[in-house]
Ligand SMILES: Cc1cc2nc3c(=O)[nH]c(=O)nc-3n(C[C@H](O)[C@H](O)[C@H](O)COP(=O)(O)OP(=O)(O)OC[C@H]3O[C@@H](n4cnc5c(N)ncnc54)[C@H](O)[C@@H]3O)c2cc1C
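One chain comes next, on its own, written as structure tokens: the form predicted on its own.
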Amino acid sequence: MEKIAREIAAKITGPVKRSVPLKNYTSIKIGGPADLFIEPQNISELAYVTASLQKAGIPCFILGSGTNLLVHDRGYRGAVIRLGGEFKKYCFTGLQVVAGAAVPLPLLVGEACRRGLSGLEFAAGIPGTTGGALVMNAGAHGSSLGDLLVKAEIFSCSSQEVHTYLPEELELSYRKSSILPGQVVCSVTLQLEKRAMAEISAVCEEFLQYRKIRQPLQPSAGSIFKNPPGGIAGRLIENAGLKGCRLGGAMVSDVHANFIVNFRQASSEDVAKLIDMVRTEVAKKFGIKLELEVRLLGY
């Protein structure tokens, strides 16, 4: 591992680090060390890094802002790649914006509002990066990123090429896309529309207040489960009597039952056991198997 770290560090401009605790990069503040932590600054560096890791037989994981992610306390035996540099840039042209995968979604919402461009209001307050939002087709209030997508530039680790995908090619649906682990979103192009800045700001403020009131302030990974067809995961969990349920340092939020919060130095095992308990109880009482929205790393 030391050898490949030195080789990559000599070829890219971004940092290459060893044994980086991932709890510092996840919203729930849980996670052991990654063997390697690499930040390529452009597509050519990303290509070099992924090719080098493949040649060395080292698995890799693309990390966005660390939301919707639970990392095992043992950490990750591989390389975590976090996009930087060129991937953090964005450009507005007319009614469209081209945003790098590492652009924070809240930043993009604010910049669109400042220009009187509507469409991203639903994302006000949603943490995460633009690339991660596309992979999970993030959404709220009846809208999602896929509704705005014109095209996406996606890098293939296997072919070492960047391909352009249209929305229909990505099979976008509720919290899903066909983007595979071996594919890395580089940029997205979104179609917006003109609207008075004051109107956009009002909607964004309304959604921000909605989140503040209805979602916990303690560290969490966001929504743990996807809403099942015709149902609401949080309501099912609450009706199963699990709101406020604790296990170790983890707790089913007493604000929103579809959030598990790290209220007292929770371990990944605390959270994982609580997830299993919730799924078991909901299945027992309502015959519904909840599907995870949060991703697991190191399990």
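Quick caveat, the model's predicted, so the values are computed rather than measured. The first residue of the shown sequence is 1; numbering continues from there.
There is another form of this protein, the form predicted together with this ligand, and it is not shown here; the text below is about that form.
Note on the interface: of 29 to 37, 57 to 65, 268 to 276, 239 to 247, the segment with non-hydrogen atoms within 4.5 angstroms of this ligand in the predicted bound form is 57 to 65. The closest non-hydrogen atom of residue 136 lies within 4.5 Å of this ligand in the predicted bound form. Contact between residue 183 and this ligand in the predicted bound form is found at the 4.5 Å heavy atom cutoff. Contact check for residue 126: a non-hydrogen atom falls within 4.5 Å of this ligand in the predicted bound form. Contact between residue 175 and this ligand in the predicted bound form is found at the 4.5 Å heavy atom cutoff. Listed residues 75, 146, 222, 119 were compared with this ligand in the predicted bound form; 222 is the one with a heavy atom within 4.5 Å. Site annotation in the predicted bound form: the residue of 80, 83, 112, 190 reaching within 4.5 Å of this ligand with a heavy atom is 83.
Contacts with this ligand in the predicted bound form, taken as any heavy atom within 4.5 Å, map within 285 to 299 to 293, 295.
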